[in-house]
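As structure tokens, one chain now follows by itself in the form predicted on its own.
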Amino acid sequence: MLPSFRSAPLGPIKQKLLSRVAPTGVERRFPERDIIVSKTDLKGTITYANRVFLDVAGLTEREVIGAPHSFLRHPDMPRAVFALLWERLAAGKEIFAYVVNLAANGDHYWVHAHVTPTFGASGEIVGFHSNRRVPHPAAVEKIKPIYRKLREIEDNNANRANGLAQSRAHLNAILAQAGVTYDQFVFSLAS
């Protein structure tokens, strides 16, 4: 089951962040040595964001803590990838993925994300931890047309659930044709 991102009423700053800013088409970059780090609770609400995260996203700690992590989602990012991400995390598994995020001013930035569940003392999942690094440029160029096709499938279906299912089926067909798992596919893009 996918988490619900609305757990409590949001203040005016966080509510403003959730309203869609128009993408500018300008790509932001950050130094290769930097790592974007964030932590969330079980519902995807941000509980921690490091300075790199705040600087790249153009936000303050006050603006992000308590906000759903999904407010960074760029409209070009396929829902199928996030569905796979949440499925893997709910099963207690890590996932690597290429993600395009939206900064507060509408600029975008690509990351190679490594997302893991955080486990409590009894072994239960209590939250999630994400480290994001600068992606290899060749990998981004290879993933862009795939993401475009997945979004096209999702957007051209009047029924959101059907669009998501068809998009996931297309992604699974790509993996089957390549004869690889999702993780193998992600890592193969950088070579």
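Note that residue numbering begins at 1 and tracks the sequence as displayed. Fair warning: this is a prediction, and the values are worked out from it, not measured in the lab.
One more form of this protein exists, namely the form predicted together with a small molecule; it is left out here, but the text below deals with it.
Checked against the small molecule in the model of the complex, the candidates Arg73, Arg88, His112, His108 yield a single residue with a heavy atom inside 4.5 Å, and that residue is Arg73.
The closest non-hydrogen atom of Arg28 lies beyond 4.5 Å of the small molecule in the model of the complex. At a distance threshold of 4.5 angstroms between non-hydrogen atoms, His129 is in contact with the small molecule in the model of the complex. Contact annotation: the small molecule lies within 4.5 Å of heavy atoms from the stretch 129 to 137 in the model of the complex, the single such stretch among 142 to 150, 129 to 137, 162 to 170, 55 to 63.
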